[in-house]
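The chain that follows stands alone, in the form predicted on its own, written as structure tokens.
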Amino acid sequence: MKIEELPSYESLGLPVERDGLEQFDHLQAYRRLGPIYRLQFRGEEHVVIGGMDANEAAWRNPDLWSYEDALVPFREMMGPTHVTQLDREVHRRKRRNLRNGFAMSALVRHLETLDRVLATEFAAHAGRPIRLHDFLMTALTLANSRTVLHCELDAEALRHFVVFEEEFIQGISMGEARHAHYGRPGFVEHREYVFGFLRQLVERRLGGETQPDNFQEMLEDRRERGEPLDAGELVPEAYLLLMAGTGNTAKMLNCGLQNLWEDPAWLGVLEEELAGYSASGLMSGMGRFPRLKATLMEMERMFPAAPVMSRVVHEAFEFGGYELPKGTRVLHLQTLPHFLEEVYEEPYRFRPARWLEREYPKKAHGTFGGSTHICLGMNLVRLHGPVVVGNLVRDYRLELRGEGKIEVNLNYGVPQVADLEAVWTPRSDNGNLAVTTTDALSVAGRSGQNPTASLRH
């Protein structure tokens, strides 16, 4: 059948906006219309695909898609060679060139340094209120500057990098309004600082400076294979090494830690396990810390940073009985299976134990996408997460204040709602970790409300 015959989201009378943003009840649409339907999104007609079969179809053959057409903001901001918006053989070449920067084998050798930097940052900020997301993003960026891309970041430099990354990612989801967003003088100042800083770094490296980091490994690998070394191409790659995973990890942990501290029973058994936490214990994987792994998998499931992927069809193909011709704009609900009862029992409940009870198929977990376009920063996220949670749970009591409702989100470009202030204090005994939440959090707890029960589909 032709896509003109697809049922439309609008025919259901479901919401199309919330809090001034385009947001849709995709879960209800999936239940009522099936895994494929039409949707008017930002003035253009899109086809929406979701569910386990959609993930399999979308990831089976990445050459069906044009990422260049779908992810224009990355090209505008990062240049024409940026990996995210490359296609087919050009994309595969770029991933080969980046392999020595982002492969787990290239990252894990920095694990103890990463752990040491984050432990120092936790200690330096103990006992005083701080916005949790901001702390996490800044600390992770600092850790990356001591491991995968050696560079000296003072407080001013950290601020420029963190603010630029946050505002850049925010603009990606704005459609044409991104031009005004990116044109603001403050944003331009951050961008000029960031890329000026990195261009100087790249020029020093090309001029002969060496450092024991992943960027150096990438340069040497390219020289050995006869790949060209172009500063214009290397600058956004240096940016990726420094910033990839920091914002997404901070958002995921910000939301996930609130849910963890609202579950004292699970927190108690996790604390027992993490009494023996050390970075060296992670060197061969997370086999020694199954509850920690389960906790982080549940955070990934409930709070994916990119719930929906925008795509454009490059080669016509059929899905769900409908022909999708070349040029069709598609919204792929890659994390929809995270919230399907037939896949994850009680999907809106934060329940890490589920990951100890059974294994789930790969196509049921869409946090990082799949196939050759799987998130480049995935391995960094999966190192940052256990180190943050390991240090925090082992060494500190945590108090959370502020936003008492973290909402699950299944929309394109809409960030998780999570404005939390945190105070952590060192443990002075070997007893159970004190669990304290205040303000709206404690109100939700006293009333018996589950903070994840209010959902944004």
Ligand code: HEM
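Each residue number is its position in the shown sequence, starting from 1. Just so we're clear, the structure is a prediction, and the values are computed from it rather than from any experiment.
Although not depicted, the form predicted together with the ligand is the subject of the following passage.
A.B. asks: Have a look at 348-356, 272-280, 178-186, 306-314 and name the one stretch with heavy atoms inside 4.5 Å of the ligand in the predicted bound form.
C.D. replies: Single hit among the candidates: 306-314.
A.B. asks: Using a 4.5 Å heavy atom cut-off, state whether residue 302 contacts the ligand in the predicted bound form.
C.D. replies: Answer no; every heavy atom of residue 302 is more than 4.5 Å from the ligand in the predicted bound form.
A.B. asks: Can residue 244 be called a contact residue for the ligand in the predicted bound form at 4.5 Å between heavy atoms?
C.D. replies: Close contact exists here: in the predicted bound form, residue 244 approaches the ligand to within 4.5 Å, heavy atoms only.
A.B. asks: Do residue 296 and the ligand come within 4.5 Å of each other in the predicted bound form, heavy atoms counted?
C.D. replies: Output for residue 296 is no: heavy atoms all beyond 4.5 Å of the ligand.
A.B. asks: With a cut-off of 4.5 Å between heavy atoms, is residue 97 one of the residues that contacts the ligand in the predicted bound form?
C.D. replies: Close contact is absent here: in the predicted bound form, residue 97 is far from the ligand, nothing within 4.5 Å, heavy atoms only.
A.B. asks: Counting non-hydrogen atoms within 4.5 angstroms of the ligand in the predicted bound form, say which of 141, 328, 249, 259 makes the cut.
C.D. replies: Only one option qualifies, and that one is 249.
A.B. asks: Of 157, 108, 374, 90, which residue is found within 4.5 angstroms of the ligand in the predicted bound form when only non-hydrogen atoms are counted?
C.D. replies: By the 4.5 Å heavy-atom cutoff, the listed residue in contact is 374.
A.B. asks: Do any residues of 158-180 have a non-hydrogen atom within 4.5 angstroms of the ligand in the predicted bound form? If so, which ones, in sequence order?
C.D. replies: Going through 158-180 in order - heavy atoms within 4.5 Å of the ligand in the predicted bound form - there are no hits.
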